[in-house]
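Below, in C-alpha cells: the form predicted alone, a single chain.
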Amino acid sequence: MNDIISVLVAGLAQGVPIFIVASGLTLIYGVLHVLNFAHGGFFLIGAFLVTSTIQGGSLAAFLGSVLVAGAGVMVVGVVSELLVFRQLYKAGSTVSFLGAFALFLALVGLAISVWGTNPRTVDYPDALDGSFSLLGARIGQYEAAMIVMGVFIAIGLWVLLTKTSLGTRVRAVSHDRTMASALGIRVGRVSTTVFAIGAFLAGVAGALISPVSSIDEGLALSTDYMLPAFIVIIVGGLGSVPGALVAALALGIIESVIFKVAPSLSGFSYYLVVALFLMFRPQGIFGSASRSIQMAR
C-alpha cells in the first residue's frame, strides 16, 4: 500500500508540470492552428528567471518568483506573437513550423547569452523542504504542493474558458476565425491574448520545476517535460484542455510505475503510448476533427 501511494503521488507530481506546459501548447494550437515549437524556449526562460528573481527561501518569495517568471515569459510571448507568429498564420504549416523552430533557437540563444551554460539550481522553499506521512507512505511536501498547484491551474483554466466573456471569444475564434471576425470579435486581440496565456503557463511550469531539476539549456528540449508535453497534446487531443490534463496525469503515473518496477525502461512509456494512439485513435482521447478549443466532451 505504501508503495502504491508513493508511486501515485510521484506520478501526479511529475504529470502536473507536463500538463501546465501542454495546456499552453494546446490553447495556442486550438486558436492559432500553429504548433508552437518555440514553447520549449518559453519554458527554459521561465526556469532561468526564477534563479534571478528569487529572494530568500520563504514560500511567499518562491511563489512571487514563479509569478514574476510567468509574467516575464508572457511579455516575451506577446512580442513573439506580434513579430513572428502573426506573420505566419496564413503561410502554411511548413513555414509556420520553420518560423517557430527559428524562434526556439533564438530563445535558447538568448537564455545562454543572459544566464550562461553553467547549470543552476534553486532550493526548495523552507515550508516545503521536507516530507510527511500519508497512510504510512512518505510524501514529499513539494510533490504534494505541486499537485495542489496543478489543481488550481486546471480549475482556473476551466473557469477562464467556460465562465468568462474572454473564454467565449476564444472558443468562437478557435471554431471559426472568419465567422468570429464577422460577428465583431477582434480576432487579432484574442490571438495575442491566448498566446500570452500559453507563454505565461510555460513560464510558470519552468519556474515550478526549478527546485527539482538542474536548470540549463537542455531544459528547452527536456525528455522529462517538453517532449512529453508534445506527446500529451497528441494523446489528449489537439485543442482539448481536459485531454491534456488526463493524458499528462495518466502518463505521469504510468512513467512512475515503470520507474518503480523496471527502471531501465523509464522514458519509453511516452513513446509507446503515443505510437498506440497514432495507430488506433489518432484524434486523441478527447480530440475532434475541428481541433478547436474543447473544455468538455
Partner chain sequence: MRTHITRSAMALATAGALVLGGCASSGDESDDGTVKVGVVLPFTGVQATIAKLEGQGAEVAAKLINADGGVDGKWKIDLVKVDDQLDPGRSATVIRDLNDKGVDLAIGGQTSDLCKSSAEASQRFNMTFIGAHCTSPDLVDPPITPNFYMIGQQMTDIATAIGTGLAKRYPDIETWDVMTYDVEAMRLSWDVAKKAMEKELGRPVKVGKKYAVPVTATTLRKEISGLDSTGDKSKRGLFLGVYGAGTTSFIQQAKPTGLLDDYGVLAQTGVYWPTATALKGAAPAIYNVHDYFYACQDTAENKEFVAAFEKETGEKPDAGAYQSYLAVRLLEAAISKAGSTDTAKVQKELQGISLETPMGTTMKIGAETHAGSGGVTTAVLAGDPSAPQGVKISDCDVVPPSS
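Rigid core: the largest C-alpha set superposing within 1.5 Å between the two forms. Numbering follows the first chain given and starts at 1. Being a predicted model, the structure only gives us computed values, none of them experimental.
Unshown form predicted in complex with the partner chain; subsequent notes refer to it.
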item: Proximity of R189 to the partner chain in the model of the complex, heavy atoms at 4.5 Å; value: no
item: Exercise: V194 in contact with the partner chain in the model of the complex, heavy atom 4.5 Å; value: no
item: G156, heavy atom within 4.5 angstroms of the partner chain in the model of the complex; value: no
item: Any non-hydrogen atom of D126 within 4.5 angstroms of the partner chain in the model of the complex; value: no
item: Which of 67-75, 194-202, 137-145, 156-164 sits within 4.5 Å of the partner chain in the model of the complex, heavy atom basis; value: 137-145
item: Sequence-ordered residues of 24-55 touching the partner chain in the model of the complex, heavy atom within 4.5 Å; value: none
item: C-alpha of L67 off by 2 Å or more between this form and the one not shown on rigid core; value: no
item: Core-aligned C-alpha movement of F259 between this form and the one not shown reaching 2 Å; value: yes
